[in-house]
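Quick heads-up: the structure tokens below are two forms of one chain, split into structure 1 and structure 2.
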Structure 1
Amino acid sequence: MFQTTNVELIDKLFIYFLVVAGIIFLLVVFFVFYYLFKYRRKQTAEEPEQIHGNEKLEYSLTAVAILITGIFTYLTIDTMRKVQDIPDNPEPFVQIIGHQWWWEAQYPETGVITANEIHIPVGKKVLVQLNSDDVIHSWWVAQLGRKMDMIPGITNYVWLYADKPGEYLGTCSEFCGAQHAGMRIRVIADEERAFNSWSQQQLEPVAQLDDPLFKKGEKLFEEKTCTNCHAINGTPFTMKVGPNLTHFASRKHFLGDLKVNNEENLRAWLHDPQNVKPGAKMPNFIFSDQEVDALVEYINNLK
């Protein structure tokens, strides 16, 4: 059965608004310029007739205004109830948590935990639970649904719906500090099968290689206290100050969708996070090139 999506409902309402507002605006422009021209000061200027008003006109215009307001009130409430209909006992498909300045995602059904690149299945309305770990953020992917704030201490829900597979861009929409601009969103809508295999792959245990450089990186990762902030599934390290890195290399973008995930960008990030994303809550470790080599080898193999 054909169903209008939330985004289409809102778009339709916006078009209605634009038409009515456009007409009102054109009327104002017309009368202002018509009067300016028609009643411009003539040379032999005598004072014009002193008209003090016209109550009938004002009352009738007020009535028209109230009528228009009434119509839009109805449309507003009707659309609002369709778009924001959260069930009483919401069972979210995914929980997204805003952090300064990245996104954490947890899928309760499968247990997948990831960051920044958020996958959803296509053609299905998914309920998303929104929380914040620090300050107020706001979740907004215009093509998938409405905007909703993520507020510490409060749980909000929002519906997302993607009708076509693909990547949808969005952005944090509540000012949240130095890197508010760097808190962009990428949602990837997959066909059912692709989504399932993505989930499977995210549930794989963390990669293990025998490559000595990889081993060195792994060791550095622990020694240099990366584990104080980053979690790796299946290890004792579960901190969530920074993104979960278990399958970091499976993501095409990183840092809240700020950068493409390639070796060059990763190197730059490890060399000096503050240069790549000024203000980001990760310190500069002042690594030697060899150490960065090892860490990159390690992290880039966390597929």
Structure 2
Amino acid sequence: MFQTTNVELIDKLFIYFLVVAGIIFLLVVFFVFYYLFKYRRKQTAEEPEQIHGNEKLEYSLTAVAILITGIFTYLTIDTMRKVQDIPDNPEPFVQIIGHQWWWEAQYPETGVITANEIHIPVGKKVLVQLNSDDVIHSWWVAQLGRKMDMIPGITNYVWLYADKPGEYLGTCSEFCGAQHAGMRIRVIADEERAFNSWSQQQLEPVAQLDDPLFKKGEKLFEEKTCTNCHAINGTPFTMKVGPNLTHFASRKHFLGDLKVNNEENLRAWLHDPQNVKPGAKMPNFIFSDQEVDALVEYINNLK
């Protein structure tokens, strides 16, 4: 059965470095104190014999340093080769696109498009395609795989693997602007049946309610030009400038995983986006309280 190979290989290399560096550190400390004690000044001591250099010792230490460096150079290159075993014609399981400051996830096989909360199946090695829509970002979920940069105009790949269900947290690891610290990652590893169920649910059209407040929110969503940035599957709204809001209410967090997805945080975001996430590209529409009520009702029913 496939284990967390990439993570284990990187961890193993780190432990090798740590052990050897620790041994060298302890040897240096030992000999410093040993010779401090051995050659400490004594009242009756005569001038010691002056020795200039020790070629045998110098050659030996140089040879040991070269040997250690050579071994770790080989281990590093070998580990890099093993963790980046990308096929010649990669077929990614999911494509992650970095935006300032959120993550877009597209699943080519199913057609699912979502944002910020990325789902993967447990026990399956999945290939992830990484792209950037604006500046350099860097994808890193340490428990699932290696760190990989996302550079505009360049496609990179990384393997992810989760051996048990759960939520795995990461962050953008390359400074990408004012909200870099608020560009967090949440990967949810589901059992196969749960993952398939989630995929099917994401493909379902959004609910349509007869409630007047819902209808008002839907109308405001279009009139206030929210549709110029946000797509909602099953509607005429198809723009991809901002996160896809289809089934937004089913997500536990939003704003790049920065805020818990609840009514209070959604209201604060709609009232004044820049106060919640300074530098975000979401404009302040100066909604009235009644308009916010309607929009919250609409968005909270996108399940």
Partner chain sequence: MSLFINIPEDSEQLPSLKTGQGKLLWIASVDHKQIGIMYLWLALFFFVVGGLEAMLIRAQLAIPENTLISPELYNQIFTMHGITMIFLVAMPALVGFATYFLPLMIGANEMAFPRLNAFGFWITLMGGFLMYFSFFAGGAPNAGWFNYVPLSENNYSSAPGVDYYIIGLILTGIGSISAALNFITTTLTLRSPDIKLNMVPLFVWMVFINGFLILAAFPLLNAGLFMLLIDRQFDAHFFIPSSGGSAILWQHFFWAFGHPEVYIMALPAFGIISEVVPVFSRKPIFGYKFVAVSSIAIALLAYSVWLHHMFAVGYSNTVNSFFAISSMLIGIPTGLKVINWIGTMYKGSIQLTVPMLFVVAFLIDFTIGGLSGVSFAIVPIDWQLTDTYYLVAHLHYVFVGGVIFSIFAGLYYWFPKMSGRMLSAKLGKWHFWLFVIGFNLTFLIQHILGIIGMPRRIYTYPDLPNWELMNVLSSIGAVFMFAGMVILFWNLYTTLKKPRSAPEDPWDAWTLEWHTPSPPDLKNFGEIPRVYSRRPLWDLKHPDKPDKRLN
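For numbering, take structure 1's sequence and count from 1. Definition used throughout: the rigid core is the maximal C-alpha set that superposes within 1.5 Å between two forms. These numbers come from a predicted model, not from an experiment.
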Of structures 1 and 2, which one represents the form predicted alone?
-> 2
On a core-based superposition, does P278 travel 2 Å or more at its Cα between structures 1 and 2?
-> no
Would you look up how far the C-alpha of N54 moves between structures 1 and 2 when the rigid core is overlaid, in angstrom?
-> 2.8
